[in-house]
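Take a look at this single chain in structure tokens; it is the form predicted on its own.
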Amino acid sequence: MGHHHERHIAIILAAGKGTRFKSKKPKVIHKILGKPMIHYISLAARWSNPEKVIYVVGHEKQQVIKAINCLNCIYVEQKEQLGTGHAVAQTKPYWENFEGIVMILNGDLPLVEGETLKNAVKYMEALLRFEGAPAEGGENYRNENIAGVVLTTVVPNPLGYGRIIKDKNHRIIEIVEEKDADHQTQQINEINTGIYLFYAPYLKEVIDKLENNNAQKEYYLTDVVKLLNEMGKEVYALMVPDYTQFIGVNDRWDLAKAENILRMKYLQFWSYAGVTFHNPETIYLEFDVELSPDVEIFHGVSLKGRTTIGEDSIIEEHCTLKNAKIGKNVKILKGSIIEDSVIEDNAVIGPYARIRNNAVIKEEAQIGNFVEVKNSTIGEKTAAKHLTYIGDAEIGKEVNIGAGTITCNYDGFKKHKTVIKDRAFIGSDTMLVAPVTIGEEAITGSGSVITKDVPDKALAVERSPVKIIENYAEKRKRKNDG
């Protein structure tokens, strides 16, 4: 028998308000590790390689569509939230003539793995073409009895979930909601995950027959299973062992728990890829972060946005990196903050440095404690080791910047540029009043306010002569004794 795969499409339900979030924002756009929650189920769905992806949107739909950010996806509006069955019914025009499988997913299940969905599709395909197929039927033989698959899992505490009642062949007899479950049924801990695969032509026959005679006045997808059974069609349970994949996010505490699980999963992934984490439960890292082998990361570090870190780099305790591009063998010492900036190979940053707004720190440069660098380029082997502010500056290589140096880049109206050429020596506590250029190998005397350009190899000193008053202490004392 040839490998003829059924085609399938994915429907992702994202119309709900998420009342328990107590939020102005729709639930599915709340972030997990820097990405909207809906991003994760979308990724998993794409992993199963569907022909098309349909999102059902409703509450604050523009925000949701923007967060999903998918150009070739289909968006269907559910104008009033009348339940999951009603949501799927809205999408019917897109699959009513479809011969394959419709996979239905919930936008608030961020931990489901792509592999799980891929396997579910494979399982459904296998059921549709079971082994007893007559040889001459070949490719096109289909088991007429098969209508669907429900993903199930076994949870330690099934309270609140729909329970799965099935026969010994895993055929679902009934899905019983918590409120309808008698004492015996409540003991069952195999539950409905809310992920369904249906054979489209059969789904089409029953989707409009759903009724809403329940307390919530909603149309439920679980009733689709009941209607298919009544038609004499079979729906099977596919039990997924890892129940943590199906932790649904209904409130912000669920969100925190899901984020924690995902964070540990990603830390584990990078750890297997060659990264050392010390005290990983205190380390935060987002979805887009890229790490390299032999990177070492200590307690309390936050890695956000599109941060990348090259081989052999060390990030010490309590540093925050956001959209930072870190080269190889860089040392970022404790308490430093780097945002939207580039640190090249072998540089040393910190402790307690702040680098931001498109700063570029070149190879082997050193930026020390309580130094802030903003929108500036710092050349190779240049050192600014203490208590300095460098803003809107272009600094060459092998420059020494003494403690307390400040670029006075702002005149109250506008930002101006400071240029310091190669191998200049800036004495401690120099004020560089921009726009100003310091030439190659030029020197500024400590405590100077530099308002003019300094030529190459020149010395610029700006100081009042020192006044010394003899015996001043004695005079002061006599005056006070009065």
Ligand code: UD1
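What you see is a predicted model; the values in this text were computed from it and never measured. Numbers for residues come from their place in the sequence shown, where the first is 1.
From this point on, the text means the form predicted together with this ligand, which you will not see here.
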(request) Quick one: find which of 369 to 377, 205 to 213, 404 to 412, 247 to 255 has residues within 4.5 Å of this ligand in the predicted bound form by heavy atom distance. (result) 247 to 255
(request) Evaluate G396 for contact with this ligand in the predicted bound form, applying a 4.5 angstroms cut-off between non-hydrogen atoms, and reply yes or no. (result) no
(message) Residue-level question: is G310 within 4.5 Å of this ligand in the predicted bound form, judged on heavy atoms?
(response) no
(request) Spell out, yes or no, whether the shortest heavy atom distance between G148 and this ligand in the predicted bound form is within 4.5 Å. (result) no
(request) Answer for A87 alone: is it within 4.5 Å of this ligand in the predicted bound form, judged on heavy atom distances? (result) yes
(request) Report the residue, out of S336, S341, N192, T388, that has at least one non-hydrogen atom within 4.5 angstroms of this ligand in the predicted bound form. (result) N192
(request) Tell me, out of T222, T116, N346, T91, which residue has a non-hydrogen atom within 4.5 angstroms of this ligand in the predicted bound form. (result) T222
(request) Just give me the residues of 66 to 93, first to last, that have a heavy atom within 4.5 Å of this ligand in the predicted bound form. (result) Q78, Q81, L82, G83, T84, A87
